[in-house]
Ligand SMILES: Cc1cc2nc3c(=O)[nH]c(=O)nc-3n(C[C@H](O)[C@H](O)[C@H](O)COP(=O)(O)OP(=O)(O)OC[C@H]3O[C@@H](n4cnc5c(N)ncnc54)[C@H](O)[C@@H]3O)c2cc1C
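So this first bit is one chain, no partners, the form predicted on its own, shown in structure tokens.
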Amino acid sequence: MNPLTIIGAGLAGWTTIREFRKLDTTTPIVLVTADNGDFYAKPSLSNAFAQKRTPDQLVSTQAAKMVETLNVSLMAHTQVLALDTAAQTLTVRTSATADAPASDTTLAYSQLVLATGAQPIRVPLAGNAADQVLSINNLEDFSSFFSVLKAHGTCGSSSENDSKTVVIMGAGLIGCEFANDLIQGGHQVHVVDPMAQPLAALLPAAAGTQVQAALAAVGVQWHFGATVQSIDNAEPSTPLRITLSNGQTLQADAVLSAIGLRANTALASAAGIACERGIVVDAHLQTSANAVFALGDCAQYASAGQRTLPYVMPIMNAARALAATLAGTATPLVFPLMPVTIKTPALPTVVAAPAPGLAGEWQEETVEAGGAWRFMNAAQVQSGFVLTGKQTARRMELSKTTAV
């Protein structure tokens, strides 16, 4: 029997395997991944500095233990070079080791799951240090950023434990979470965004203003209505010089880009699989190719109105439905209401965003201390909500009154 094969050892890949093994303990599974396959919670990347956790401490289960527990054949440090959907084969290249050279292999599969994730969006920048901009989308990225902040200081003193200065490009969910985390970790933070307030795509203006004020109160310095234009440094031991579109200049030890993610569709597209904003999947998570499925950050879900959903809860729901389908019981994916908790301890925030483009308006509740908004659609049906501060305790209450 050719194995069930999964590409990608992130939350989507490992959760699909875990759910599948609850239903089928014997079908062989091959997991192909470019990293070492260790399991970690991706959301922990944006609160590690406050918790003083190192990259190694973020790994919750070593790959060897996952392999043993779930009876998986792991192909770590392996790149997928090509996918032939007609022959149902993959061509892969395993990296060289001290004991063996790099090698190419053809793998046959019975069913294939693409859990290839997403890539950070990069914008062109001027300057001789533009290539020093970092993004954090996985544990390896975090390790690189962690090393930069632990290196010899440039804006501060030479002690590796002293505060560093970080400029964050983007005031969306990830940018705000890292800003709060880095401040709690003892660093100095500037956030640059072209909008007029943080989280502009998710929150009503009044809620965004609350987040802005709360993070400013703990030390975040905001630069709205501007973008980073160039990054320069005279020599390695000097600070980075960041020039903004409004002419202002900042000095920093590191620049972190948090302007969004783009679904990783390259492999699927090269194989002729339909892709738009993500890999297009139907209600059963099947792509346009026979026996090929997709989920996670790389997928564009029919069950979500042809949207990508780069959050944890969509992955968990998709993995359960897909596992059942892979095990022989066709199970359509139905997303429940999935409020998102934004990890900004300076102002805890929960948002259940309305569908993009839905006509309606945000209405603020008149409650003590404020912090509650409902999105009412054109028919005056509640189709989303935002809660901040103490009002986040009402998450379940408002979830029950929100139309999915």
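Numbers for residues come from their place in the sequence shown, where the first is 1. Just so it is clear, the model here is predicted, and its values are computed rather than measured.
One more form of this protein, predicted together with the named molecule, exists but is not displayed; see below.
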_Taking the named molecule in the model of the complex, would 27, 84 and 326 all count as contacting it (heavy atom within 4.5 Å)?_
no
_Proximity to the named molecule in the model of the complex, single hit among 79, 110, 306, 209 (heavy atom within 4.5 Å)_ = 79
*in the model of the complex, the residue from 66, 45, 347, 351 that sits within 4.5 Å of the named molecule by heavy atoms*: 45
*Does the 4.5 Å heavy atom contact test between residue 224 and the named molecule in the model of the complex come out positive?*
no
*residue 177: heavy atom within 4.5 Å of the named molecule in the model of the complex?*
yes
*Check whether residue 7 has any heavy atom within 4.5 Å of a heavy atom of the named molecule in the model of the complex, and answer yes or no.*
yes
*According to a 4.5 angstroms non-hydrogen atom cut-off, is residue 312 in contact with the named molecule in the model of the complex?*
yes
*Want to guess which of 372 to 380, 351 to 359, 54 to 62, 29 to 37 is within 4.5 Å of the named molecule in the model of the complex, heavy atoms only?*
29 to 37
*From first to last in sequence, which residues of 228 to 242 have any non-hydrogen atom within 4.5 angstroms of the named molecule in the model of the complex?*
none
